[in-house]
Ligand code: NAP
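This document starts with one chain, in the form predicted on its own, laid out as structure tokens.
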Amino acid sequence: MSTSGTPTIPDDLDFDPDALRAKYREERDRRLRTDGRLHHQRPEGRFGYYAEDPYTGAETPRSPLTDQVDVVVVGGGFGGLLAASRLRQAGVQRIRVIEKGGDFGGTWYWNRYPGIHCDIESYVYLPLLEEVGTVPEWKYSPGAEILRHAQAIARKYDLYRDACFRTAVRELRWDERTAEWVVGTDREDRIRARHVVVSHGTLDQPKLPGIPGIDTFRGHTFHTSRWDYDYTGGSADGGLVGLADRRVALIGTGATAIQVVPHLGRDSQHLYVFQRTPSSVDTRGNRRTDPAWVRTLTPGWQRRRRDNFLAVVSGERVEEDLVGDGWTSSARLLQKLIPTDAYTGLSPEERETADEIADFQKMNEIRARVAAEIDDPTTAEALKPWYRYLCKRPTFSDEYLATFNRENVTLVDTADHGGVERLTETGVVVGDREYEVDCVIFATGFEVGMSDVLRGRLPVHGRGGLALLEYWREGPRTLHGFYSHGFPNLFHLGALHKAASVNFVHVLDEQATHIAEVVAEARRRGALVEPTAGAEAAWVDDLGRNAPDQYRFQSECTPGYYNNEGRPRPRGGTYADGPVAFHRLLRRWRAEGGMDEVLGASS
């Protein structure tokens, strides 16, 4: 199979591209707002209870820590787990993971809502399967299986021994005298660490909609990432018996709602789904893992499969698509989110035209599926997504659409009313109608792509007390997205100045492997890890010259978190040629003496 090359534009299309463009603009304009009513707020202050941990009970008192470790890893999701595990494989012994939650797992610790599954195939999404010695039970794992695997990784690499849970890092300060980081926390800890790895997740801070009256509603409320099973009954598998006599409002129709709605529709007395923009919903086809297939696996199977998936969705040439799902079949369309250097042979104008035609064809299929599955024509029309494929995160479900055929499920389209107007003491108001409900559930997502470091909630002070955000006042400055001049032995995991992919855990593992190899070499040399100013500047300049410009595409998209609610930023700070090329660059850099650019100073 080849996912690259020169595409062929059909001579006789069964649709009018100009009409679709006009329809997309019309639907986008319905949802563009300038009055601030769609802004979100953090769950803090009087809304702080929305972010409380419902899983581990009361915080256990302990004395502040003042000890010394080799590495502090900030964050216990898959990024932190992978960094700590790869460092352990590299021979680092004293590793302390500091995590706000009560256990490892990150987003899979916090999110336990009914129906939760990963939308990336589990055989490529769950890391370190061969090292841990397991194969997932499902092609697309439920959340509980993913959480168990995260905890199994922590046990495998003895990460529980020094971990600090229910603890938030509040400051990182470099001590020039001892060449260590002093890590301050909200538990009054003052931990010294030779190295620090910051792995704040991209989906760890829930968002609440800025809806007037949110604090006056007298019924029950909660965010999907803090699901209240004491109220609903049941479990992540469903059976929400506590809702049998309850009228429930769900606000939000993104990836979480796609999984939650079938359970709420099945178990609630009545479910009202409040939608601003419909998601694109493709088929899922989940199934249990075939034991006969497992018996055919040979050592290295996961790396081969994972690399194959990354290559396919990045547009690379492959002989076979090993995963064969909705992501890989739509690989060409993903470049609008994850740019790549794989598609060649056309001028930019020809390439854009070909891409748009392929996008129209895919979205026509998705809209046709809505029409085929929904009985009521008005509801079907409201559920059709009129935008390009990568304007919103694609979703997959075999149950979501059919739920709207139930008599006890009502779709409330809010696009023409500026979203939900307000909450009253007894219900949700849209336009001139109030929907009386007993419970409001917010499926309104998370702050995306902004760590506590970037938002200033975790101050970082390097050499001479210089604040990292002051150093970055004109934009982030790093080498390869990992480290900055003046901030020795400090590493950043995530998408900043690197390359992302739909399987973000894979790219985190590549980053963790890179950090572990750099740290191991620094320990051998007795050196600090700090890029030269010249190497850092060259990387930033290269990113600036080659950064993909998606501004026009994002401007034409329906508002959402991908395009900053209809206000896209001109260029992003990501590597232009995609993840396959970026990982190749890192491996070549390590093999060809690149570490000399970061290991010059003695510790």
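Everything numeric in this text was worked out from a predicted model, so none of it was measured. Start at 1 with the first residue shown and count on from there.
In what follows, reference is made to the form predicted in complex with the named molecule, a form of this protein that is not presented.
With the named molecule omitted here, the record of contacts in the predicted bound form names 209-217 of 517-525, 294-302, 209-217, 240-248, defined by a heavy atom within 4.5 Å. Listed residues 252, 142, 114, 265 were compared with the named molecule in the predicted bound form; 252 is the one with a heavy atom within 4.5 Å. With the partner removed from view, the residue among 392, 194, 485, 480 that has a non-hydrogen atom within 4.5 Å of the named molecule in the predicted bound form turns out to be 392. Residue contact check for residue 578: none of its heavy atoms lie within 4.5 Å of the named molecule in the predicted bound form. Using a 4.5 angstroms threshold between heavy atoms, residue 198 stays clear of the named molecule in the predicted bound form. Contact check for residue 123: every heavy atom lies farther than 4.5 Å from the named molecule in the predicted bound form. Within this chain, residue 446 lines the site of the named molecule in the predicted bound form, having a heavy atom no more than 4.5 Å away. For the stretch 117-133, the set of residues having any non-hydrogen atom within 4.5 angstroms of the named molecule in the predicted bound form comprises 117, 118, 119, in sequence order.
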